[in-house]
Structures are given as structure tokens and as C-alpha cells.
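Below you'll find only one chain, the form predicted alone, shown as C-alpha cells.
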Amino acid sequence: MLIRDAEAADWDAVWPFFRTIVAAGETYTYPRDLDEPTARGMWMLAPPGRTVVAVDETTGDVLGSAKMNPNHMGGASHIASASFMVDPAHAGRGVGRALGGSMLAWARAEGYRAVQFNAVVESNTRAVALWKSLGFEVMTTLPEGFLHPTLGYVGLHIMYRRL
């Protein structure tokens, strides 16, 4: 698997799984009916942000994508944040772990002091376990912070990792 900077043409491969994941409404705080131009603008970041894709080196298929950026501006701009999406057809292949490791390396190289995830859905247990295994901790949970389409109101974690 190769992780590289996303190019404009990669969006055509990212959008189908992005749309599917967002429309399911189980893991992201994005509107479930997010349109393509808005989604593209939110995901395909310009510097100081960065968007990457994980690509199968044999087939060239895009397996997943991540965007990374300063979490805030000004006096809090030393904390990074990131979002990740893995094509469900390629789940369980270590794509999320590889993207997470790449993001951590980027954040260190860019001089960030920590990474904060603002909204990890509590019921997204695979993501929570992955981030914990990469050294993140749950700093707090906003009770009933997320309306899951089948589980109802669930907590929304703020997760943090010092670099």
C-alpha cells in the first residue's frame, strides 16, 4: 500500500465511498445528504492542510483517504486534527492504521505538538480501538452528542495524542 498526496483526479475514486459512508450517518457529523461539490471542498484541502490517499500498489485502486489540518487557528494552531475514510470494500486490510501512522508522521514533521480528534462517535468501536492502539486517549465524551440512525443518541468522544 502506498500513501501519497491526493491529486484532483483522485476525488473521482474517493467520492463514491465518501458518499456511502456519510449517507449511512453512523460515523461522521456531516449532513447525510452532503452534495458532491461541498464534500469535495471539505475533504480536498489546500495547505496548510493536506489530503492523502492510500493506494493499492498492484491495482492502483484507492483504498481510503485522510485529511489533516490545524485543529484551530492562532494560539491553538499547534494542535493538528484529521479525518479518515476507508472504502468499506477494503476494510480490515490495515488501511486505517496506515493512514493514521502517516498522519502522525506528517504532524510531527510539521511541528505540531499534539493531535486532537474533535468528534469520534462512541459507537464506532473499530475507530476508537484503532486510535487507542495508536496512542490516543479519550479526553471526554459529550453524552448524547451524536444521533445515530439506529442506536439513537450516543456519545461523541474528543480524543487526544501528544506528539
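All residue numbers are counted from 1 along the displayed sequence. What you see is a predicted model, and the numbers here were worked out from it, not measured in a lab.
If you look for the form predicted in complex with a small molecule, you will not find it shown, but the lines that follow are about it.
Any chance all of V86, G94 and R97 sit within 4.5 Å of the small molecule in the predicted bound form, going by non-hydrogen atoms?
Result yes, every residue of the spot touches the small molecule.
Counting only non-hydrogen atoms and a 4.5 angstroms cut-off, does A46 reach the small molecule in the predicted bound form?
No, A46 sits far enough from the small molecule in the predicted bound form that none of its heavy atoms falls within 4.5 Å.
In the predicted bound form, does M42 have a heavy atom within 4.5 Å of the small molecule?
No, M42 is distant from the partner.
Although the partner isn't part of this model, could you tell me whether T51 comes within 4.5 Å of the small molecule in the predicted bound form, counting any heavy atom of the residue?
No, T51 is distant from the partner.
Taking any heavy atom pair closer than or equal to 4.5 Å as contact, tell me whether M103 reaches the small molecule in the predicted bound form.
No - in the predicted bound form, heavy atoms of M103 and the small molecule never come within 4.5 Å of each other.
Quick one: of V138, L130, L34, A114, which gets a non-hydrogen atom within 4.5 angstroms of the small molecule in the predicted bound form?
Of the listed residues, the single hit is L130.
Exactly one stretch in 120-128, 106-114, 66-74, 34-42 has heavy atoms within 4.5 Å of the small molecule in the predicted bound form; which is it?
In short, 120-128.
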